[in-house]
Each structure stands twice: as structure tokens, then as C-alpha cells.
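Just the one chain here, laid out as C-alpha cells, in the form predicted alone.
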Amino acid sequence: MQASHSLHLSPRASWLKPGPLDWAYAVVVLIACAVAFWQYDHFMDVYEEAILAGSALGLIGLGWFWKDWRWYFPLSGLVSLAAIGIYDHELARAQEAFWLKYLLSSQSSIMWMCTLFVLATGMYWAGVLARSALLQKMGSGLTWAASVMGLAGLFTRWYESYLIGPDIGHIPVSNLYEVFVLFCLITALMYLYYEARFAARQMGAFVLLIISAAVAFIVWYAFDRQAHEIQPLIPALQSWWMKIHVPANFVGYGAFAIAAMLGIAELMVMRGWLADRLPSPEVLDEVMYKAIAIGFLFFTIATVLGAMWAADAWGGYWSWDPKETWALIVWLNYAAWLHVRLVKGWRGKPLAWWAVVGLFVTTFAFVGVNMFLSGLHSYGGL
């Protein structure tokens, strides 16, 4: 139905001809990065200064390529700046100021993110089952709102860590609580891009399920283990490498999760389940392929960066640590998946099943290794 026309995509390479709004967005990003450099340069070494400059260029390029990013990123920053303004350099205000306590502190923002993702999941499913474009659009809006609160929450958490102490402050990607938030955020944003590009909001009913599962873990981990409390970095993580290795890794994880959930959707459609309510198998297969391709690219980059970090920290690029070994297994799994699709011409059911099984392999590399195996990466345990 809707899927029948969704392969007719919008023209590509329009980002190579930026318009006035693109340039205005670029100016905003450059100003924000200049302010960050002016305020926090004394905390940075030359590598972190290079990361800041590279991030500015990357954010500008992303905004030119994906137009929705031009409003999403500044809005998330404004929400976080509102929280920072209310803090007024006093962390104790998180429990005193109304807006911080119930909406804008990092923990409040992240809990709102969790709530909105769960609501979006229900709305997407209601839209699919009722064949309601309005409900699906509401699901999309809730997903955007959750993503704004999630990114704002991470920005604010970064600021809060410096309020605890200048030597405590760090980018919030250092423990399972923080990276699960990052996983939800990256997965949702990648999905929203594909949703708009393929005009197939029905996919959200499946992708948001894996995000809601991560949300359940975040809520349990925060309230049962008090994992939301900011802790000092252990020595192994006190490195600028973390700022680039971890985000790149989670672009891979998020993309592989999207592919797995769309693999489930494709298998259901092929069996005739909800076939008249979901995109065609061809559309699902194409999005699955694109997600795995971009995920594989970033996971490869993350693996190379991880090896370089290991050489810097431990004196060797590879030590067959359990985390490294399972990262290699994940990489080989998706390298083989791409090989049989691009070289052998496989399509459909085998690759859909493979993507689903790949999620279990990736999940074990992400969480299972920390729970059941010990090694140099054991600092990420439950």
C-alpha cells in the first residue's frame, strides 16, 4: 500500500548546495563550538581540541545532509542550556528548582525520554493496527520529542559532572546507564531518518520495540542500582579516545538493532501477517541493507579506534580480550552478511533471519560479555 511508492526517494546530493537556512545552522554550530572552546579549553589537550573542531564540521555536514537535524540539534541544545541556566553553578538546585526536579535535570530529561519512547511505541502500533496515518504521525512526533529530551539530558549530564568537580567531569558515555541512553538516542534518530526517506512510518512499530526494551533496562538500572548517579571515571577510561570510540560503536549497535527489527517485520509480511498494514518486503529489505551497511562502516571505524586506544593504554593493538574477540565476531558476521548480499545476490528470508540472529550476537558482545566474561573491559559490568 503506502510501501508501493516508498522506493521513489527524494533527489540526492542536495546537501552539496546549501541554502540560507543551512548556512544559518552552520553559523549556530560554529558559535556554539567557539563558546565551548572559550569556556573549556583549559580542560582540553590538543587531541580534544581536534575532536571539537571535527565535531563542528561533522555536525554542519549532518545538518546539510539531513534537514531535520538543523532544528533538532539546536532545540536539544536550547533545552540543555535552559537547565544549565537554572542550575546557576549549583548542583544542589537539582532537588530545589521545580523545572530541574521535574523536567530539565539530566535524570528528569532521561526519564521523560523513556516515557515518550514507550508512548511512541504504543502509538505506532495503534496506527499500524488501525491503519491510521494520524496515529503513526503522532508516534513519529513522540519519537522526535523523546530524542530531544534524550540528547538534552546527555548534554546536561555532561555539565552536571563538571559541577561535581573539574576532575570528575567527562562525556556521558562511560558506563552502561549512559551508553544505553546513547543507544536509544542513536537508534531512534537513525530510524527517523529512514522513516522519512522511505515514507514508511509503519516501521516504527517494530524499531521502537527494541528501544522500549532498552528503556526498560534504563529504568531498572537507575532505580534498582542507582546507576544514574554520576561517578568519576576509572583510569582506563580517562582518555580522549573514549569521545570517538564509543559513539562510533553505538552507531553500529543502533543500526544493527534497526536491521534486526525490520528483519522480523519482513518475515512477518512474507508469512502474510499484517501484510496489508506494513511496507512491502522489498522496502523492508532495502532499509535493512542500508542500516547494516552504515552500521558496518561505523563499527569498523570503532574497532580500529579501539585497537589504537588499546595500543595507547595497554601497549598492544590486540590482546584477544573477550570484548575484542566478540567485537571481531560481530564484525565478521556483518561482513559476511554484506558479502552474500552484494556478491552472491541473496535477498529476502535468509538475510532477514540472519539479521535477527545477528542481534543476539551483537547483544552478547554489548552486554553479555560484561556480565559473564572477565577481561580488560570488565569495568562495564552490571
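As the structure is a computational prediction, the values presented were derived from the model and not from experiment. Heads up: residue numbers just count along the shown sequence, starting at 1.
What comes next is about the form predicted in complex with protoporphyrin IX containing FE (HEM), which is not displayed.
The partner is absent here; in the predicted complex, the one residue of Met268, Ala199, Leu237, Ala145 having a heavy atom within 4.5 Å of protoporphyrin IX containing FE (HEM) is Leu237.
Distance criterion of 4.5 Å from any heavy atom to protoporphyrin IX containing FE (HEM) in the predicted complex singles out Val179 from the list Ile230, Val283, Val179, Ala94. Although the partner is absent here, Tyr162 sits far enough away that none of its heavy atoms falls within 4.5 Å of protoporphyrin IX containing FE (HEM) in the predicted complex. At a distance threshold of 4.5 angstroms between non-hydrogen atoms, Ala313 is in contact with protoporphyrin IX containing FE (HEM) in the predicted complex. Protoporphyrin IX containing FE (HEM) is not shown here, and in the predicted complex it never comes within 4.5 Å of any heavy atom of Ile171. Contact check for Ala307: a heavy atom falls within 4.5 Å of protoporphyrin IX containing FE (HEM) in the predicted complex. Contact with protoporphyrin IX containing FE (HEM) in the predicted complex, judged as any non-hydrogen atom within 4.5 angstroms, is confined among 244-252, 188-196, 105-113, 201-209 to 244-252. Site residues Asp22, Val29 and Trp66 are none of them in contact with protoporphyrin IX containing FE (HEM) in the predicted complex, judged by any heavy atom within 4.5 Å.
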